[in-house]
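One chain comes next, on its own, written as structure tokens: the form predicted on its own.
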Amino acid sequence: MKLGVLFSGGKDSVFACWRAREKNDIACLITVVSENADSYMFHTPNIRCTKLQAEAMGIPLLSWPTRGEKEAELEDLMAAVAAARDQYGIQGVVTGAIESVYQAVRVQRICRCLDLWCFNPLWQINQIDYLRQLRSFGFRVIISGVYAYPFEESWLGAELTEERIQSLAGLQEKYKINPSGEGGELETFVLDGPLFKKKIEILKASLSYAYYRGQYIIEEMRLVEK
């Protein structure tokens, strides 16, 4: 089956793409670029960097703008998916949803309207096990955004290591956070993985952080041989 992947450049969409590709043809990546940093639906830190990730994987990218207004942004998502269907002949859509009913239900509704299959390969996965799978399969993931107590500035730009995973497990137990960031606590960016023909090297980045909210913004990067 030919599928399009809702693609943010974060760990969930990249991993979901990899899982979907095991038995399907990934025809394109679909990135919705929101003007709203607090979008309800879409990942925003470093979203324009997905172009280089798509190049690293050798998969076409369809980039679609949205103002990021609640609910109205769903119309833009539907337009993006419809464009992917018409341009690349996709028969279904892949998402990286884990527990977010808000996102999953809305994407499923769009797929029904467009007569497309909706595939959620990470749905209800154990989040700590999943983070360890990322490492064991060779994904290199950094933290690109934090949005909740008790995440400190030191998390920004940090790579997802076993030590970080153990810290997230502790925060889950103590503060009831979603360790994968499914509740909006954190966002990520993938530098390398089994789908990547080349890896991404960050040359320049900047930080912004205040009151347990911050972003790691990639300003310059390049592809290098693996």
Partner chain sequence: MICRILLADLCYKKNSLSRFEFVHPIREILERSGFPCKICHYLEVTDNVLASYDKVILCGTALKDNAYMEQIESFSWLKDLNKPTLGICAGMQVISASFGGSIVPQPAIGLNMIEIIRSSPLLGEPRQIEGYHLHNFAATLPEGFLRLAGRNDAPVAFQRGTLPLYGILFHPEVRNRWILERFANL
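Residue numbers count along the first chain shown, from 1. Treat the numbers as computed from the prediction; the structure is a model and nothing was measured.
Keep in mind that the form predicted together with its partner chain is not shown, yet the notes after this line are about it.
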property	result
Partner-proximal stretch of 152-160, 126-134, 139-147, 76-84 relative to its partner chain in the predicted complex, 4.5 angstroms, heavy atom	126-134
Residue 1: touches its partner chain in the predicted complex, heavy atom cutoff 4.5 angstroms	yes
Residue contact check: residue 205 to its partner chain in the predicted complex, 4.5 Å heavy atom	no
Distance check, residue 119 to its partner chain in the predicted complex, heavy atom within 4.5 Å	yes
Partner proximity in the predicted complex: residue 20 to its partner chain, non-hydrogen atom cutoff 4.5 Å	yes
Non-hydrogen atom within 4.5 Å of its partner chain in the predicted complex for each of 46, 49 and 51	no
Stretch 84-121 - residues with a heavy atom within 4.5 Å of its partner chain in the predicted complex	94, 99, 101, 104, 105, 108, 109, 112, 115, 116, 117, 118, 119, 120, 121
